[in-house]
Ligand code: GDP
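This document opens with one chain alone, in structure tokens, the form predicted on its own.
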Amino acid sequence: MKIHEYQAKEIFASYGIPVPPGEVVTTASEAAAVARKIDGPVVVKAQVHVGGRGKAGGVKLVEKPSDVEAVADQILGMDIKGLTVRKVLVTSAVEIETEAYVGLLLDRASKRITYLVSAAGGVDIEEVAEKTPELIHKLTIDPVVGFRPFHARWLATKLYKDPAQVKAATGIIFNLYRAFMGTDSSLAEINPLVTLPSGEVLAIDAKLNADDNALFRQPKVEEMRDLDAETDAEILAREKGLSYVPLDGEIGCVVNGAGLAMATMDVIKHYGGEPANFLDIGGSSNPEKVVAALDIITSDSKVKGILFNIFGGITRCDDVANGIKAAFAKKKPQVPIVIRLTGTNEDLAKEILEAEGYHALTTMDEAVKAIIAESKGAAS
């Protein structure tokens, strides 16, 4: 789950990370009121769950408080990569001497939390990682030893030479780890971490992604969810307990099991198709989950065909077939459908579906080939 910059800054500040003062608002007049309280140059920043806000015109430096209302009015309502700006953060502007990058993530290759820092921080950090990876310093954290102050100091020396700045950065780096762990996050970033002419080190941006699987023990973080930043399909999937990720293809997928869902997408691409989603209904044969899955998939206008790929292990195929039958009785998609069922009680499942006029295939390859062919026919 993503949270906004202003929310991440609130969390960072609670863990002792210095951030500039500011407030989030929803109207231009409120932005002007905040600017008057700051009484100096401010930055008006769009609050949307997407990168590249500055390049899209969603981050503006405003020298005079009297100009803030007009600038905020321009940013509010702006479309940035498909997301509408409904809130802006009005924060104190600072004079920047240097910019650095500090970030924590869960590295799936090493299966450990990994720290990344670079003195070449800023908006082009992705380009730095691609073209000059030697400028990024990495520390993989041993889960037995944990992250210690001497680790933080070593990383800080990769950013600064001045002893006072190394000391300040050491505290920030260590506290960012505490914030990451304390909120069960999967990603935490400060980009940029800046130095001021006075030598002060300050986090002027903040990013924090919470692990959805840990939200049950992070109620305060869960309350920060912004439903305006999510699609209706994503909201419905969460309400119904479905794992759903929208993609750019035309083949809608309804699968039981995350591993099978990944394999299904791979096979679709192998045969020249493009998956429209990752959608795992889990081990349940609950018809309501299948109905919800169909609602989600059919709400995507790009979908030209739907593939049900079900492997019956603990879940019996006849239970799933009855779920599909009940779901189709409530909602029949207007695009081609291919069903693949194999495993426990698959013969009985095929009988149930054939009685309803549906033919179930056995192998994934033939099912994928069939839905790709039928979806191309539907699109022509």
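From 1 onward, residues are counted along the sequence shown. Remember, predicted model here, so these are calculated numbers, not experimental data.
There is another form of this protein, the form predicted in complex with the ligand, and it is not shown here; the text below is about that form.
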Looking at Ile337, Ile352, Val43, Ala32 here, can you tell me which has any non-hydrogen atom within 4.5 angstroms of the ligand in the predicted bound form? Val43
The one residue among His49, Arg316, Arg53, Lys325 placing a heavy atom within 4.5 Å of the ligand in the predicted bound form is Arg53
Partner-facing stretch of 274-282, 160-168, 179-187, 201-209, counted where any non-hydrogen atom is within 4.5 angstroms of the ligand in the predicted bound form: 201-209
Taking the ligand in the predicted bound form, would Val267, Gly305 and Ala373 all count as contacting it (heavy atom within 4.5 Å)? no
4.5 angstroms heavy atom contact with the ligand in the predicted bound form for Ile96: yes
Hey, in the predicted bound form, is Asn191 touching the ligand, heavy atoms inside 4.5 Å? yes
Touches the ligand in the predicted bound form: Val59 (any heavy atom, 4.5 Å): yes
4.5 Å heavy atom contact, Gly122 and the ligand in the predicted bound form: yes
